[in-house]
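The chain below stands alone and is given in structure tokens; this is the form predicted alone.
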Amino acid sequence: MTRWQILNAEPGNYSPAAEEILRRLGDVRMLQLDRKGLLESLGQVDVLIVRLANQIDEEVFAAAPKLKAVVSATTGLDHIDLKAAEHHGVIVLSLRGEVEFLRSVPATAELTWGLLLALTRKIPSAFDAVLHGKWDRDRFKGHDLAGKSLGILGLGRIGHIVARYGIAFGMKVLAYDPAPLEWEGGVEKCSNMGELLGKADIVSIHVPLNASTAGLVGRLELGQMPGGGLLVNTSRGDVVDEAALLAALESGHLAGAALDVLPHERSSELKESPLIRYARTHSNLILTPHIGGATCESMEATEIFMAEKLSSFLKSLT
């Protein structure tokens, strides 16, 4: 029986149940590695497991001549060079397309709603003021969600859940998706993105990052939103043009934004992000470090699912 060499390069808080599945497949190393350490550890590896901290590119594949699979418990795959993987004959196993399973994972949708509430009710600023000895109720007067229009860009698995939250909060919910698998009851269908942006008080983005969605929301699109609108993005940072969003916030055309994702998340350029600089001195931009899927329950469920998916793949090779 083949004993596969499996390297989990991002093992922090990894599910014990998923690890047990891996250990039945082969020899498992759980090593938190930086870039140099990763490249030096790949010579005999058959399977590489990552999350989002590493960029899996041509250099990584070249350093792993025996690699057969990269496993990532994510739907987005912008951290993996898929063309390089194909060139080296490496299969990428992920959550992309696993619609039925993903319906049971609400973490990103829940964070979306948390960011929306934090933005409309000024929760981070109010909390910070209390910590600094201030109890100024009128300073943090927010807005109701009930009666507002929520525009969902991308009515996929997460978009459907967010739509149901919006309906439960008494919002008018509308959506645009050029190729929906199904439509959520009670959601108004927009014929194009411009229609959605023009009607929505709040826009929430739930699209994958690919060639057609990179820079999807730029200066023109933000300008189509009503003055005083809000933007929430828990998809991928590169879907929204960073400079255009900053300009819309600085001009006051957008009243606020909440982002769980930024461009250049896995590079040194993140430290120079103009959005981070803006958020240091402005309370109408809320930033979190891509924690949408990072709940104990969702991560355990996805890690077990991916370990079982890997097991099926490796069995097909023997």
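Note that the coordinates shown come from a computational prediction; the quantities given were computed from them, not determined experimentally. Residue positions are given as counts along the sequence shown, with the first one as 1.
Note that the form predicted together with nicotinamide-adenine-dinucleotide (NAD) isn't included here; everything after this is about it.
Contact between T234 and nicotinamide-adenine-dinucleotide (NAD) in the predicted bound form is found at the 4.5 Å heavy atom cutoff. In the predicted bound form, no heavy atom of G114 sits within 4.5 Å of nicotinamide-adenine-dinucleotide (NAD). At the 4.5 Å threshold, heavy atoms of H290 reach nicotinamide-adenine-dinucleotide (NAD) in the predicted bound form. Interface membership of G159, defined by any non-hydrogen atom within 4.5 Å of nicotinamide-adenine-dinucleotide (NAD) in the predicted bound form, is confirmed.
Contact annotation for the candidate site: G76, L155 and H206 all lie close to nicotinamide-adenine-dinucleotide (NAD) in the predicted bound form (heavy atom within 4.5 Å). Note on the partner interface in the predicted bound form: the residue among G198, P178, G218, G186 having a heavy atom within 4.5 angstroms of nicotinamide-adenine-dinucleotide (NAD) is P178. Interface residue among A257, V261, V70, V45 relative to nicotinamide-adenine-dinucleotide (NAD) in the predicted bound form, by the heavy atom within 4.5 Å criterion: V261. With the partner left out here, nicotinamide-adenine-dinucleotide (NAD) still marks one of 221-229, 235-243, 121-129, 134-142 in the predicted bound form; by a 4.5 Å heavy atom cut-off that stretch is 235-243. In the predicted bound form, just one residue of 90-120 lies within 4.5 Å of nicotinamide-adenine-dinucleotide (NAD) by at least one heavy atom: T108.
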